[in-house]
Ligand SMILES: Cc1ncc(COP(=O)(O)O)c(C=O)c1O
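Given next, in structure tokens, is a single chain: the form predicted on its own.
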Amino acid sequence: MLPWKSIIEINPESKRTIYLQISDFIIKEINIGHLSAGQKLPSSRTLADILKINRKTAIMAFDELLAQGWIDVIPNKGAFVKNNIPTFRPQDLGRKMNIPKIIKKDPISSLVTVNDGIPDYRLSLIDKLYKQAGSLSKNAIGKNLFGGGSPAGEESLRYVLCNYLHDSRAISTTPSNIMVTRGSQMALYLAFSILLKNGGKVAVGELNYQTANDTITTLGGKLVKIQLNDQGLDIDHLEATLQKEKIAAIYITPHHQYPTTITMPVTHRLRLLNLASKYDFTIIEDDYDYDYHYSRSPILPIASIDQESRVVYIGSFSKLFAPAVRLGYMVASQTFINNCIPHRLHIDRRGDPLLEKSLSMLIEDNELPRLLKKNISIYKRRRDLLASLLEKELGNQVRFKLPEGGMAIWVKFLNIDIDTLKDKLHQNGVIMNTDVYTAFNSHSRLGFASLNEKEIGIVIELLTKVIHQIVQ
């Protein structure tokens, strides 16, 4: 038996709960090969005795591993490492782990806007963020920030992000591996500026975030479309494509694939890492809405198990505040970050150190976890309400699968021209500000996070009315 007591180091002061700390360590042991496919794990009672914890905590850790797809549980036999998890050969990097919908005003009347999934700024910490910035601007610390900061971002925020990313995503990094950006779009532009310096191909899903596609092609890259299936990106199709075509990178949104909201399973993530090593390409992991999950804890990012610096991890705080609050970040190797700096200086020399410092203080004061806990509960109710009303009122006209998280539902409209639908909705007081995927069986994303319960009721009432008019 492995020396579990020495392998699993529980930190009672960590913001990451104990059962998630346990599951993190077991995932790491699987990933580095200390636990092999099919190997039996200790029982929850045995593990609880070894670690001197409550058995319920051990059970929760096993439940988390089961939910994420790392283990199988066989009745009367126990828990076993999943047989189909790909092996991945670790490499020593010589590094140690450091520890809304908004009501808009129309010239004639008030309209409700349905978007493709943005936060409700009415629930955010925007007031606190800018109040903190205002207070900083009046003291000596803040005034020192007015001259501009490092092109990699305000230093205290990069230090705070190290702990934030470790506690929330199990990503171990250092300030020199982080660049603070004006939203995730800047991070995408900088990353592809490096990767496509001499041109090249980038693999993307056949349905993908269009702005990312546009960024790639603008920088001289060629898109290689990879099929999607009910588990997100079709890894078999990707592997077959790699045998014929050389790519520089792949762009993915694995937590909730954009636009379909599908979550990529653990086995696919590990296969993708193996393929990146075998065929020598970079993974751009855009975790645009990692914070929003409703059924269970989210599957850890690919960046958390990357041992070869294959992953460039991109995140954004705009999904916690509002789209107009341009605060994002990129995590990559120090060499990659250093290579991005000259490109950053061409488009934005000084950043926004006052706002970045204010954000670091909110994170240190534990304001973001409190906000997330509240908003996750609210957004879950809104998701469930929208889904139940769609099923009740339009069950014969739409098809959808309840997303595990995120801020939108991926809806297929049956025998309905969505452009006509959007026009008629606007005439009735609802702006449907979403992309239409006509080539993919007339799908569209319906955002629920920025709509309160009353607004969701208005949207469904008018949506039902207009669809019935169209299909008659």
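Counting begins at 1, following the sequence as shown. Given the structure is predicted, the values throughout are model-derived calculations rather than measurements.
The same protein also has a form predicted together with the ligand, omitted here; what follows describes it.
- Of the heavy atoms in Arg399, none are within 4.5 Å of the ligand in the model of the complex.
- In the model of the complex, Arg326 approaches the ligand with a heavy atom inside 4.5 Å.
- The ligand in the model of the complex comes within 4.5 Å of a heavy atom belonging to Gly183.
- Heavy atoms of Tyr313 never reach within 4.5 Å of the ligand in the model of the complex, leaving it off the interface.
- Residues within 4.5 angstroms of the ligand in the model of the complex, judged by any non-hydrogen atom, belong to 285-293 and to none of the other stretches in 366-374, 285-293, 232-240, 74-82.
- Lys319 is the sole member of Arg158, Lys319, Arg169, His268 with a non-hydrogen atom lying within 4.5 angstroms of the ligand in the model of the complex.
- Residues of 253-275 placing a heavy atom within 4.5 Å of the ligand in the model of the complex, in sequence order: Thr253, Tyr258.
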